[in-house]
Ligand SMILES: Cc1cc2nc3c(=O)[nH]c(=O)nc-3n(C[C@H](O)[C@H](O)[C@H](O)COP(=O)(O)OP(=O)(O)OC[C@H]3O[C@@H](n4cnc5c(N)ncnc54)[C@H](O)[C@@H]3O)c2cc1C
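Let's start with one chain on its own, the form predicted alone, as structure tokens.
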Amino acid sequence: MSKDNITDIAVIGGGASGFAAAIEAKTILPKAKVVILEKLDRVGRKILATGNGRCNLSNINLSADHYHGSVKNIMRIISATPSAKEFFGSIGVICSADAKGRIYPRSNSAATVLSALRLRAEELGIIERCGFEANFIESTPEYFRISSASGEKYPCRRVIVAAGGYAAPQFGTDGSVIRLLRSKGCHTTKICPAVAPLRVRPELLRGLKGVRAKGRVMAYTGGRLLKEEVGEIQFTDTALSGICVFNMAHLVSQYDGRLTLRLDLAADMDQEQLDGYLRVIQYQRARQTAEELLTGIFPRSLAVYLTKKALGKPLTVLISELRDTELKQVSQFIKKLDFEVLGSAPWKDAQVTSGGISGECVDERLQLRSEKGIFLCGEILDVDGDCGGYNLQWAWSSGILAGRSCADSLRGGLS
């Protein structure tokens, strides 16, 4: 085959990490022919959906505590690459952080981010090739040959795999390339949805659909506290949701069937303060029925749910007639509302994949140990971060490192 017909670097996946990898590789090697192979009819569809369309690019508070998985040098990779502000500043996007440290484009529009990435790629001469669904990577002595589902073959000297995991399959990330990599000697860790709602018994949520409440979420297994977070808790007809719940989802892979979420719906009060509040309410609303016991502190549907569950009887009794022990039952129930976790929500409702290609399969430069010349980045690797920009930061950083490593491996080999 003529050298002119062989692409220097083919990037599988036109998402966040794929663009970062392609831009970095082409910046280092301007003469290299770099092509992005995208499965869908257009690139960046998942980027447009991130952060509810605002694109939460990163977080000021980056630390290893916010990342999970078998890739051990996550923070070294992040430290060795430009921050999201630096990277996007270099392509014309101004970023700012909110009060919680979450970094967004100043425009508050994900379309700004995708447009800037595409403009920079176009300036560099990177080719976008959509509608190419990679399903096999063949190795020859001189180059790789990527086959598509339609039978097309794409020859290239190096491959960067940035195809994502299983989360949000409506945006093209269905795990098919993970299965492809297994044929190249890669093994995967346990895979399940992360940054996702957690399913509980639907009958325990009856009457709570659509309710939002601030509180503390604590994850337990066998009575041992694993993790806790404070934030807004959202109730659906089948699951608990909200950022503080999302950040517990990665625990399902390790504690599936043995995980309990405990909600403290009065996290700003200790038990004694809550007991005191209920005694005051008993005095103030003495002539009201028990249905009104908690309506001054919670939305009505949640107030009625908590009181009824705690007392275990109809709420027609007057508040004045409630015994001290019954008031105590209510306050304790508010502070310790337990739900057994049945599993994560479906892939379509997950933002990230927990698990993926094991960190043991790549070296410190993100090159496959079993197949030199193939580099991995982004969600396809066994890395998942908490909600709040951590996963996109991993996408940018791992993409930049993979692009840099790939380009370095080709130095001197271009005509």
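All residue numbers are counted from 1 along the displayed sequence. Since the model is a prediction, treat every value here as computed from it, not as a measurement.
There is another form of this protein, the form predicted in complex with this ligand, and it is not shown here; the text below is about that form.
- This chain is drawn without this ligand; in the model of the complex, the residue among N247, S331, T173, S344 with a heavy atom within 4.5 Å of it is T173.
- Between this ligand and the residues A407, I23, I12, L401, the one pair within 4.5 Å by heavy atoms in the model of the complex involves I12.
- Under a 4.5 angstroms non-hydrogen atom cutoff, this ligand in the model of the complex lacks L117 among its neighbouring residues.
- Contact check for L376: every heavy atom lies farther than 4.5 Å from this ligand in the model of the complex.
- Looking at G355, you'd find every heavy atom of it more than 4.5 angstroms from this ligand in the model of the complex.
- Though the partner is left out of this view, D382 does not reach within 4.5 Å of this ligand in the model of the complex, counting heavy atoms only.
- No residue of the trio D8, I126 and S397 has any heavy atom within 4.5 Å of this ligand in the model of the complex.
- Only one listed stretch (156 to 164, 84 to 92, 236 to 244, 211 to 219) carries heavy atoms within 4.5 Å of this ligand in the model of the complex, and that stretch is 156 to 164.
- Looking at 126 to 159, the residues that come within 4.5 Å of this ligand in the model of the complex, counting any heavy atom, are F132, E133, A134.
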